[in-house]
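For this one, two forms of the same chain are given in structure tokens, first as structure 1 and then as structure 2.
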Structure 1
């Protein structure tokens, strides 16, 4: 049991951090309808700047209390990520559709290259020996608070304006909504929350690398939002669960299935020569996970959250 708890800590931490990132992107992608392919850059900026604060600046300022240090690190990471978001948003939000996606795509590479050339934070080797300030329970609590904050935000006047902008810009403008300002606020809010996820990543794993800003991580974030359901905040959490936890569960599938394959082979229901082939297929977690994602999207093009909504509607109809 203790071994299982120790093993499950890292997937649990990664799930919570990815969920915060996915919800921050959901504000931009699902909330405002802006496709950003460089969202991991804000997360990396938050992680690096907060780590630089706790390692270099905080000792000079005499800040040693871990709680105060964590609060200051969160503020520094979120402000730095929001400022980076502002630099990106001012020119990029004038673009639309594929042009915006291409413009934000370069942001991740710029941020990664920038940190790779900073030797005092490890350069290409990454930033090591960052103070440990986070814990699995704390990160999970931050994930829940982020969820409640975004749900509450969508019920404010600004939240309604954000969704109106996503649904129909012309109609929203006719109602007096400032489209550019609404998009900008949504982008900055999403960037700062991504920076918050970066703070907890750096101060829990005690390491962060420039590769975190890469294109792959941004695509994983988009995938988490799309699988879960672009228009649902809860869907982003579910998308993170599918991406992080499902591959970990698939790791144990060969061990669970193999005894049954041997029984079937003994009873003549399965050729013995097929057992290694089936084992090989089941051991390929990436293949199974990819097929599973395709299957999910074929069944629920609007994401897993739409499935829950349909079930709720059916229950209400039956009642």
Structure 2
């Protein structure tokens, strides 16, 4: 049991962090309808700046109390991420749809290159030996708070304005909503929450690498949002859960399938020389995961939230 707890601690933390990130992207992608493909950039900026703060600045300022340190790190990370968000948003939010996606994609690569060239935080090798802060339970509660916060945000006037902007910019504008300002606020909110997730990532793994900002991580976040259903905040948590849990399950697949392969080759259904190849294919988790992702998207392109909606509808028609 203890073994299991120790083993499951890391996936649990990663799930909470990924869920915070996914929800922060949901605000931008599903809530506001802005196609952002560089969300990992904000999270990396948050992680790096907070780590720089705890490693270099905090000892100078004489902050040693771990609670205070964590609070300061979170603030620093969120502000830095929001600031990056502002720099990105001011020019880029003027672009439409696909072009916004292309520009934000570039932002991720630029941030990665920037940190690769910053030698005092490790350069390409990544930032090592970041002090450990925060417990799994704390991160989980932060995730729940983020969930409640975004849920509550959608119920405010600004939240309604955000979704009106997503659904129809022109009618939203005719109702007196300042489109640019609304998009900007939601983008900043989303990027600062991503920064918060980055703070916990850096201080849990005690390491962060510049490649974290790359395109693939941003796509994983988009995947988390889309699997769960773009328009649902809870869906993002569910998407994060799926993304973390599937590779953990895939760990056991080679052991499960290998005996059958041996039986098949004994019966002459399979060339024995193929067994090592099949084994290495099965033990490559990214490979299996990518195939699963394609299947998930093909079977359910609108996300799991649409399944719930369908079930609800069926129940209503039955009544």
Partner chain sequence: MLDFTQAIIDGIAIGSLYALIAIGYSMVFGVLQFVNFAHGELFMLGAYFVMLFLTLGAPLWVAILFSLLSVGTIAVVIERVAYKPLRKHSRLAPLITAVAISLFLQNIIQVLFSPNSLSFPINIPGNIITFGELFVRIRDIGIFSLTLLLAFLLELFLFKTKAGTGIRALAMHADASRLCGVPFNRTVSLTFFIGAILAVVAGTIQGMATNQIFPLMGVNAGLKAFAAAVLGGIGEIRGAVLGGLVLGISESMLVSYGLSTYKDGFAFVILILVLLIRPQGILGRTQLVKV
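Residue numbers count along the first chain shown, from 1. Model, not experiment: these values are computed from the prediction. Whichever C-alpha set is largest while still superposing within 1.5 Å between the two forms counts as the rigid core.
**Q** 1 or 2: which is the form predicted on its own?
**A** Of the two, structure 1 is the form predicted on its own.
**Q** Once both forms sit on the same core, give the Cα displacement of residue 289 between the two structures in angstrom.
**A** Here residue 289 registers a C-alpha shift of 4.0 Å.
**Q** On a rigid core superposition, how far has the CA of residue 263 moved between the two structures, in Å, if you could check?
**A** The shift comes out to 10.7 Å.
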